[in-house]
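Alright, here's a single protein chain in two forms, structure 1 and structure 2, each given by itself as structure tokens.
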Structure 1
């Protein structure tokens, strides 16, 4: 069984994530997250805030998911946010043309390619409907935005669910810039939902209709693209780059990437390094990730330069982050449609800032963290997350639910909650509970037994080695801190044979 299948089966069995409104034959492309899944997503978000938002001195906002039609006239989404759609003439089933071609021929075709190009490839390769084998109609472009009618008298779409969270950032830029009291470069970040009416949602969390983005947009003076305050700290950081004209991924220092003009400037190299460091902290191995340079046809319509951060996964190379040099496209477009001046004045010069974008997909990151952390013991899946991504640090387990062991366990749980993420569980046998929380990736288990009541000690168990030691309750928080600092469990107390 491959990792992807193990994860989806485990996720369903343990309610890690599951289809929204599943009891009502749910719509595809929408997912809910159970307690442990939601906890892991919060930990990823906390790491993002620490390693991206705080590190680059970005400010964080929270924007509305519904935006007016004019917003998307300005952004270009009404015209350009489209996927290629092809329908069978006989059974009328619908497919994404680019993915169908990739499946049938093994070759990638940029989704931004023209409809005539798609039609030509389909005809040349004699591609038929996968469902019934009959002829396909001509390819059409399908706009993926989800429209809304806001207000009691509106008869047509006058608003849309945002397809990307950055639109709130662009429309609020001027207000944030003036109120934040900082000079450029200015980073504005946001975590939130985005909505895309995908033709074929698939592979659980890989392609969704409702997704969560971790977005950072950095506004800067294009004349200062080679002025980076932290450059000396990052110039020797090695980037994993898959260049357009190269077959293999190669490593370049940030300084090399700038000198060889692989990137537009020091600012780009710096933010690529920051992004890569985030995923290194997530426990990803360098041989399994890369920044892939995109050709013009594959880039978003607003991007001058794009580096997709990809990981080697069970489903192939999977994009987790779009790193785009959006130039002044967004602010200029919104200024033109709204009539509001979105320029800034710095160093006695008036200009419209350029934008570097770090757009992360939380759902895909979450899925790959699961894949990357999955291990097997006794033919059963267990997760081994990096410490700071563990949904829980400790689980407290009474041996039985009587004789005061449950009460004492709750007291210990409350004690540990002051410093750690803790869960109390008294259901099922102690062996079964060990298995369940090992699978969830909880690194430590505290067991309260009859000796606890006599000696004021508990058993501390390591998930990975399954070794157990006896520790005094008043020493327990300190012992757990030492364990997470790298101390082996056998050095923390008396080993239980």
Structure 2
């Protein structure tokens, strides 16, 4: 069984994630996250705050998902955020033209190609409707934004669900710059939902209609693209780059990447290094990831330079982050449509800042963290999450739920909750519970037995070695801290198993 299948089955069985409103006939492309899934996502988000937001000295904002139509006139999404669709003349089924061509011919055509190019390829390769075999109509560009009518009167769309969270960042940049005691380079981050009316949502969390982004937009003076305060600390950091003109991924130091002009400047190399470090902390290995340089046609319409951070997953190379050099595209466009001056003054010079974007997809990162943490024991999946990402630190288990063992366990659970993420469980045999929480990826189990009642000790069990030690209850919080600082379980108490 491949890992992807194993994960989706486990996810369904243990409610890590499942189709939204599943009990009704749910719409495809929407997924909800159950207790363990949501907890893992919060841990990834915390790590993002620590490793990206804090490191690049970014502020964080929180904005609405519904934005007025005018925003998307300015941003270009009304015109450019389109998918190429082709409909069968006979059975009226609709397909993504680029995906259809890829399936039928094995050739990749960028989704941003022109309709005539698509029509030409379809004609040349004599591609017919895969459903009924009849002729296909001409390719049309379909806007992927979801429109809405706000207010009781309007029947036309006067607003859209944002297709990317960064739009709030661009429209509020000037306000934040002027009021929040900050200077360039200024990072502004946001976590939130984005929405895309995909024609063919697929592979659970890989292509969604409602997704969660962790975005950071860094505003900087383009003349200072080679000024990085932290350069000395990062210049030797090795980046995994898959260049457009090379077949294989190679390692370059940040310094080399700048000298060979593989990137637009030191700032770019620095932000790529920060991004890569985040994933190293997620436990990903260098041989399984790369920054892929994108050709012009494949880039988003607003980007001058794009490096997709990709991981080698069971479903192929999977993009987790779009790193885009958006230049002054967004601020200039918003300035033009709104009439509001979005320039800044620095060193007596007035200019519109440029933007480097680190746009992460939480859903795909979540999915790949599961894949990367998946191991097998006795033919069952278990998750070995890296320390930072453990959704639960400890589970507290009474040997049996009687004679006060359950009450004592709940007390210990309350005690540990103050410092750790803890769950109490009294159902099923103790052996079965160990197996279940190993699967959930919980690194430590505390067991309360009859000796606990006599001598105030419990057993502490390590998921990975399955070793157990006996330990005083009042030493427990400290022992758990030590374990997570790297101490071996056998150093924490008297080994009993």
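What we label the rigid core is the largest C-alpha set whose atoms superpose within 1.5 Å from one form to the other. Numbering follows the first chain given and starts at 1. Just so you know, these numbers come straight off a predicted model, no measurement behind them.
Of the two forms shown, the one predicted alone is structure 1, not structure 2. Rigid-part assignment between structure 1 and structure 2: residue 89 and residue 57 end up in two different parts. The chain behaves as two rigid units between structure 1 and structure 2, and the smaller unit swings by 7° against the larger after C-alpha superposition.
At residue 129, the distance the Cα travels between structure 1 and structure 2 is 3.1 Å after the core is superposed.
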